[in-house]
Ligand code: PEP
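As a starting point, one isolated chain is supplied in structure tokens, in the form predicted on its own.
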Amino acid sequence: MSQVKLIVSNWKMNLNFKEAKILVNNLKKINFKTTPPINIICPQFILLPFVSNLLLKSSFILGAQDCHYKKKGPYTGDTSIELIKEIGCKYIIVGHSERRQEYKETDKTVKEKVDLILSEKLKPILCIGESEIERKKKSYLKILQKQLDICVPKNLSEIIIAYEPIWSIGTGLTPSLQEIIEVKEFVYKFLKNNKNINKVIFLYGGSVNSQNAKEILIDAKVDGSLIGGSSIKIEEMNKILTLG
């Protein structure tokens, strides 16, 4: 890539141990002709220790797909940030639309997760996005503003925002170049003026693939991408990570 980008691979609930090993080994073989992007791999929880070992002595960084908003307690089936941190994760995705929709997570819950992650000196990757109806009704900027206003603390040195329109995730549909730029500039301006945050790392996510990655990552001048389905395909990632 022409400049360093932040590429977050969200494997979601995919890959077994054998598949994960093959993918990581192939990712480590990619020949970067220019400065490589910052690559964060976020496997499902049970793969974290295994992938952590595979990433040793590589430039790839381990991340988690979520965490609980409390450090510990009677929360059956959840994973604590203490263990996530101990296993070597540096970044944690929060507020993904699949968590908001399937698990009914609210902006308040997401804010509690952001606060906890920051208190543990880790980096949250905060997902925001609007539904298809909200986009068609032209209310999407109000929806995004509400998410940012509730979920983002004030006076941070930096924050990572991943814009993932709900209508784009897994559908093959993506916003136009102008629509991505509009949201990017809106996020920058809102967080600077209302949260006193001057360094915003803006990622785009939602049906990113090797065919649209150049337009999204380079032409729209975003700071990186949160990649779902394509992140578990080595051919796709090879092309995305070596964009010129």
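Numbering starts at 1 and runs along the sequence shown. Note that the structure is predicted; figures quoted are calculated from it, not measured.
Keep in mind the form predicted in complex with this ligand is missing from the figure; the text below concerns it.
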- Between the options V152, I169, I160, I84, which residue brings a heavy atom to within 4.5 Å of this ligand in the predicted complex? I169
- Task: Tell me the stretch among 200-208, 182-190, 214-222, 34-42 that has any heavy atom within 4.5 angstroms of this ligand in the predicted complex.
- Result: 200-208
- Message: Whether E98 contacts this ligand in the predicted complex should be assessed with a 4.5 Å heavy atom distance threshold; does it?
- Response: yes
- So in the predicted complex, does any heavy atom of K21 sit within 4.5 Å of this ligand? no
- Residues within 4.5 Å of this ligand in the predicted complex, restricted to 7-39 and counted by heavy atom: N10, K12
